[in-house]
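Before any questions on binding or motion, here is one chain by itself as structure tokens, the form predicted on its own.
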């Protein structure tokens, strides 16, 4: 991979990756709906609304690999999620197919499986249980990626990202935390490993109490460098200041699960 596109490059994760991957790939193009505030003179920026196919095609032209971070990154109204995360995701994959792109890294989310109880550890074979409209859009993207991999021959890696930050800031994030450099390692596996067809990896660092079995990523050589337990004392202290959330504290998806929740709270999923 020499010519790489990062969509959603103005966001927090995109901003971090631009710095980490600089020099790793010789030609990195960045794109977003708005120009990054910290755009450097040596960065190639293409403005694109993912819901606009013509703009996406312009951003994708001549690219070999895509790191697709673009879209609405939290829960939102259906129309927002539909245009940014579903139409926009389809446009990205379809433009990539037409442009002859070889590989796509799709930033999916833990919210695609948010309605699993925290006491159960799941792998990549567990059926999706989205906790929100946002989570539904990520499950859609994973399925779309599978179709483009098997029907059109793209190499697709779906990263079910937990929480990208310098440190985990509460108890839930001790289990789902992903250091930016570990994220970059997962992305490089997706862009460079010769045997990737369509794979799902969990985006988490070396978390002793992780909610997920990340054996599939390990199988492809992932070796996270950062440990969530190094930050346990601070995370537990921060958790003590938060209000109890019986639904959110039970499920992997946290507040994404309890937001708008109106089912019987006495019948939370046990497995």
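Treat the numbers as computed from the prediction; the structure is a model and nothing was measured. Numbering follows the first chain given and starts at 1.
What comes next is about the form predicted together with a small molecule, which is not displayed.
Interface residue among 80, 185, 163, 175 relative to the small molecule in the predicted bound form, by the heavy atom within 4.5 Å criterion: 163. Checking 134, 106, 93, 201 for any heavy atom within 4.5 Å of the small molecule in the predicted bound form turns up a single hit: 134. For the chain shown alone, residue 110 is a contact residue for the small molecule in the predicted bound form, at least one non-hydrogen atom being within 4.5 angstroms. Although the partner is absent here, residue 256 sits close enough that one of its heavy atoms falls within 4.5 Å of the small molecule in the predicted bound form. Remark: residue 74 counts among the residues lining the small molecule in the predicted bound form, judged by a heavy atom distance of 4.5 Å or less. Only one of 148 to 156, 116 to 124, 83 to 91, 166 to 174 lies within 4.5 Å of the small molecule in the predicted bound form by heavy atoms, and it is 166 to 174.
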